[in-house]
Structures are given as C-alpha cells and as structure tokens.
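Okay, so here's just one chain, in structure tokens, the form predicted alone.
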C-alpha cells in the first residue's frame, strides 16, 4: 500500500523544529516515492522561510498550506487534522507534539491501527540507547506508541543526512583560509562580546538574523540572508567557524566538516547542560587536552555558563591557536556522522512495507 504519514509539529524552537520536520519529510518522500507526508503545524511561517529562503518568503507568508513533490508533501497550518480521513497510516509526534486524547480514542479503533511514533529530540546522552525503539501502551485506549530517539550510535535512531542529490564533499583547501564566521544563535547569546573578539582577530561575522542591530554593525557584522533549506549545506562551506543552535543547523554544521560551537536550547531546570556535555565529550574525543579545554571554554561562554567576572574576553583568540587540530577533528567527526545518517531507514524498519 501507499503509506500516508501524518506528522505533528508544534513550533517551539522556530526554525529548529520546522527544519528537522521538513528535512525528515523531504528525505522520506524522496526515499519512498509512493508515500505521502502531511505536516500539521501551529505556525507555518518557519516552513515558508525554509522553503523559499529570503527575501522570497515575505511574499508567501499569507499561505496556510504548502505543497511540494507533486503534492506528496503537504504542510498545513493547524495543530492536527480535524477529520478522520486526514489522519494517516502512520502518526508521528515530532518533539512531543501530542495527539489529542479524543483522537487517540478514534484512531486506536482503526483496523489496522496506525503506527504511532514519538520522534524525540536528538541527544548524545548514554540513556538514549536504552530507550530507543521501546514502546508504551496508552492505558486509556490500548494504542501502542513507539519511542524513536535520534542519536550518534548504531543503537539509536541515527541522524538525518544530506539531501539525496547532495553529498557533503571534503572541505576544499582554499576554504580553510576564509576569514568569515557564521553565527546563528538565540537571543541570550553573548553576541556583542563575540563580535568584539572576532573584530580583533580580523574576522568577518555573518549573522543569520532578520535584522541587524546598529551595535552589531559597528563591530563589523554582516547579515547572512536565509537561504532555502536545500542550499544551506553548501552555504556553510563558505565559512571558517560555525556558531549554530538548536538541532537542524547543528547537524548540518557537523556534516560540513568545519569546527563548530553549539548553542543548545536552554531549559529552565538546566538539563540542557547534560545534553551539551554529552555531545561535547563525543565530539572532542580525539582532541588534545589544551585544544579541548579552549573549545569548552568558548562553548561555556557561548551558552551563558561563564560568569561575567570570570570571562577573559579572549575565548575565540585562545581557540584559534588550535585551529589546525580543530579542523582535523571536525573532518574526522564528519566521517563518523555520515556513517550514522540512517534515520530514515531505521524508522522505516518499524513500519509496514510500502507499495
């Protein structure tokens, strides 16, 4: 049969949630050309940005529905389908976007029952391997839910790789001498301090933002115009160092083979620090002690973990002393990541066959 997949995406991290959901759907309909995916979201604007880039997106913001791949990928504004026929054979809760209780009762009575998947956030924490692929039965309806955890090992759900028609190439030698830094960050990042450090080193900082502040311009910052998602991987290769956030740009940075600094989405209880540390430990396993320490100091500074009185205002300068080692580490890590870009195949193994 041709599978119809319903993916629920409630926007929390703006381009992060939308970015992963859209990339997942694109990979899926490309890999399985008889299937269709319908994304339901409470905010379609991030999807518009990702599909059209900037400035074309501004002309399309009034839309409430987007259609790609001959209609096999549709994105609709709404928390969930309102009619039974709009729910698919597979229902995916992306990042905790819940199926309403009233629909759980209806869908659980279908024969066969839809496959119910909870697509979790990406994590390098060790406990992910234990819970990946496990199921839980909803006590009210008896409907079984699959917990699918993306991750960095073969015992997890893996990662979303590059688009089918673009395999990330090795970094060209001439790119290593670029003086451009890419920055995509949350509002709480110490951007002003970073700009000052970058300016002192003669770096040009390109900020992915809708509007540049005057104080950033005074520090020599330039605006990075948002490109369509399909062009983002190639665009990153223009830079020397990548400051990325969330999840989607975070994985793209790893696949670029360039040194990166990750700003994780902060949580009120501080749990994000465990997640940040778990990835850092994996990412820097091959780095020497001094290079690892310099990188961690910059990561802590960038994630707000360095009190102002302890900031030496030279984290970036200190890190650049180890640039050759950082590039070698990033290239080695890229190869490891590419071997684990099997998220689509691993999830499909839990589903009934298509066609």
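This structure is a prediction, so every number in the text was calculated from the model and none was measured. Positions refer to the first chain, counted from 1.
There is another form of the same protein, the form predicted in complex with 2'-deoxy-thymidine-beta-L-rhamnose; it is not shown, and what comes next is about it.
- Only one of the listed residues (284, 229, 108, 145) places a non-hydrogen atom within 4.5 angstroms of 2'-deoxy-thymidine-beta-L-rhamnose in the model of the complex, and that residue is 229.
- In terms of contact with 2'-deoxy-thymidine-beta-L-rhamnose in the model of the complex, the residue from 50, 39, 298, 44 that brings a heavy atom within 4.5 Å is 50.
- Residues of just one listed stretch (244-252, 212-220, 276-284, 67-75) have heavy atoms within 4.5 Å of 2'-deoxy-thymidine-beta-L-rhamnose in the model of the complex: 244-252.
- 2'-deoxy-thymidine-beta-L-rhamnose in the model of the complex is approached by residue 184, whose closest heavy atom lies within 4.5 angstroms of it.
- The closest non-hydrogen atom of residue 331 lies beyond 4.5 Å of 2'-deoxy-thymidine-beta-L-rhamnose in the model of the complex.
- Looking at residue 15, you'd find a heavy atom of it within 4.5 angstroms of 2'-deoxy-thymidine-beta-L-rhamnose in the model of the complex.
- When contacts are judged by a 4.5 Å heavy atom cut-off, residue 208 counts as touching 2'-deoxy-thymidine-beta-L-rhamnose in the model of the complex.
- Along 259-290, one residue reaches a heavy atom to within 4.5 Å of 2'-deoxy-thymidine-beta-L-rhamnose in the model of the complex: 265.
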